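There is one chain below, alone, in structure tokens, taken in the form predicted alone.
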């Protein structure tokens, strides 16, 4: 991916994140996830009906990488089944670990395909996937 396009996508999702703002609705799963190494501290809420992710929202304080990754992740998962979401998360983790992954499946999430070159930013890029995984595990009773 062109570095200018990569930077534009990350910056746009940081400055204008989608699905920002929590809701007052007890039907949403809720979690807080923070980084031990920086200021990232996000609250996420996810609504799942009949195995389909209907909505995800978030709020909190986080760096450009965490905020933009959360915004892109949310758009990537809404409307997907929990199984599809787990597959996207697995492929995202594979990409960050620099092992084989499905680039087409990840869509805009591929903007983080070079994040492993900056190990200090890996936790930032992983924050939304870890938070969503935590909610899915809670949903599945793990």
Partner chain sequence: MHREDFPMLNSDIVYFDNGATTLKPNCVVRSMVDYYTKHTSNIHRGDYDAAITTNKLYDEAREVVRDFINCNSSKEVVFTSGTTASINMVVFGYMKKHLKRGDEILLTKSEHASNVLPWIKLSEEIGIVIKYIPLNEEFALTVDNVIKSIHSNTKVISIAHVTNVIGDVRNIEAIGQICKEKGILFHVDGAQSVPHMKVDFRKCNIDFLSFSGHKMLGPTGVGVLVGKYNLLEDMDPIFFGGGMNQFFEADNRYEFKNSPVKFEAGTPPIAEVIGLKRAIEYLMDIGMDNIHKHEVELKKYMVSELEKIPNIVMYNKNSDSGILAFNIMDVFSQDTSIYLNHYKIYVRAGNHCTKMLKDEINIKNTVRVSMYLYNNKSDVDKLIHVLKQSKDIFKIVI
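Positions refer to the first chain, counted from 1. Since the structure is predicted, the reported quantities are computational estimates derived from the model, not experimental observations.
Below, we turn to the form predicted together with the partner chain, even though it does not appear here.
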property: Interface segment, criterion being heavy atoms within 4.5 Å of the partner chain in the model of the complex, picked from 58 to 66, 79 to 87, 96 to 104, 45 to 53; result: 58 to 66
property: Partner contact for residue 131 in the model of the complex: the partner chain, 4.5 angstroms, heavy atom; result: no
property: Partner proximity in the model of the complex: residue 125 to the partner chain, non-hydrogen atom cutoff 4.5 Å; result: no
property: is_contact(residue 11, the partner chain) in the model of the complex, heavy atom dist at most 4.5 Å; result: yes
